[in-house]
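Shown here is one chain on its own, the form predicted alone, set out as structure tokens.
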Amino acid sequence: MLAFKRKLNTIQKEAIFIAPSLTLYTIFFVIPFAIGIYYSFTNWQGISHNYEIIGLSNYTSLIKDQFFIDSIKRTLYFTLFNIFFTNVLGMIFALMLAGEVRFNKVYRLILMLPSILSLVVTGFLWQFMFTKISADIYKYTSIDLFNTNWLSDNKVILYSIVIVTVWQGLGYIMMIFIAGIKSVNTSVIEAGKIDGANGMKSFFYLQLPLMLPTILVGIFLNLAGSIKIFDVVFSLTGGGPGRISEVMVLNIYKEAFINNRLGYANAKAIVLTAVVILIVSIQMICMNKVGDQR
């Protein structure tokens, strides 16, 4: 009986401890999410209080909505490039700056500064870079690369967005990887050197496997952020030219606030939320498996 009372007291203390966070989570996520699900089954226009429940019509319309399907493909395509370049470059810079390099703190600060900037500010900054600075550099150097129509060429515009997002997120991922490198047990590396694992062999066979949890964190942070990207695209291209750079969240935004079809936009948002929840679930499973293996 005494053990039961102690356990009950522990549960009560834990409930009191998590109550504020749980309350905020319920108010700002659970309730809006539930309301969004409800409105996704309606034809609500966002202006009038009058609407009708139309069942699964919004969800069946998604399958036929070519603009939405294209925005999903575009988002996935962008996500793959963003994850690859951000994490690979982040790892390279982390390896360069993790040791006692002269002025390494200054270099880290320089690479971290873009991560502090607002994504909207970043978008407008790079819009100026692509349209003005690039043209001026070409004028003085005649290098064809700088004569590219970064924001109007359909074949280039998605890569322009990748350049901006990699520039903005590189420093943050680099710092995560530096922390991962410093957490590796140095005795393992020293033992590897004795066995002949030097340079690249030491990195690929010793450091990289030991850093796997840290690498997974970097990949999944990039993945979740890339799926939800909006600010940079909105300020940099607005989804244009035409709708060629319109990503998933921007498509939902236009559906809700330009076309005034909030019921339909809610259905799209529920699909996006389901994708993000799936990503987080996979991340948790992967992290738990890696933890068990270690």
Partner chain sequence: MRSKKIITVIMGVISFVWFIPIYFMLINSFKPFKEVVLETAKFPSTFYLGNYIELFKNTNYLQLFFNSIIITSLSVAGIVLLSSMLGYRMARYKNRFSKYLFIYISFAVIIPFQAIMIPLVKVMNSLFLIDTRIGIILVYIAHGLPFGTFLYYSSIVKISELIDQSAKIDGANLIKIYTKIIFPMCSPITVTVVILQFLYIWNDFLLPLIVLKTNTIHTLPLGMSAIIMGEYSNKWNYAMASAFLTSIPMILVFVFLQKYIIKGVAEGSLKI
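Positions refer to the first chain, counted from 1. These numbers were taken from a predicted model, which means no experiment stands behind them.
Although not depicted, the form predicted together with its partner chain is the subject of the following passage.
Q: If the cut-off is 4.5 angstroms on heavy atoms, which of these, Ile35, Ile53, Leu56, Ile69, is the one near its partner chain in the model of the complex?
A: Only one option qualifies, and that one is Ile35.
Q: Would you kindly say which of Val121, Leu80, Met200, Val88 lies with a heavy atom within 4.5 Å of its partner chain in the model of the complex?
A: By the 4.5 Å heavy-atom cutoff, the listed residue in contact is Val121.
Q: Only one of 187 to 195, 123 to 131, 69 to 77, 201 to 209 gets a heavy atom within 4.5 Å of its partner chain in the model of the complex; which is it?
A: In the other structure, the partner sits against 123 to 131.
Q: With the partner left out of view, is Phe41 within 4.5 angstroms of its partner chain in the model of the complex by any non-hydrogen atom?
A: No, no contact at 4.5 Å.
Q: Check whether Asn266 has any heavy atom within 4.5 Å of a heavy atom of its partner chain in the model of the complex, and answer yes or no.
A: Yes, Asn266 is a contact residue.
Q: So in the model of the complex, is its partner chain close enough to Ile63 to count as touching (4.5 Å, heavy atoms)?
A: Heavy-atom contact with its partner chain at 4.5 Å: absent for Ile63.
Q: Can you tell me if Asp136 lies within 4.5 angstroms of its partner chain in the model of the complex, counting non-hydrogen atoms only?
A: Flag for Asp136 set to yes.
Q: Could you pull out the residues of 82 to 101 that have any heavy atom within 4.5 Å of its partner chain in the model of the complex?
A: Result: Phe93, Met96, Leu97, Glu100, Val101.
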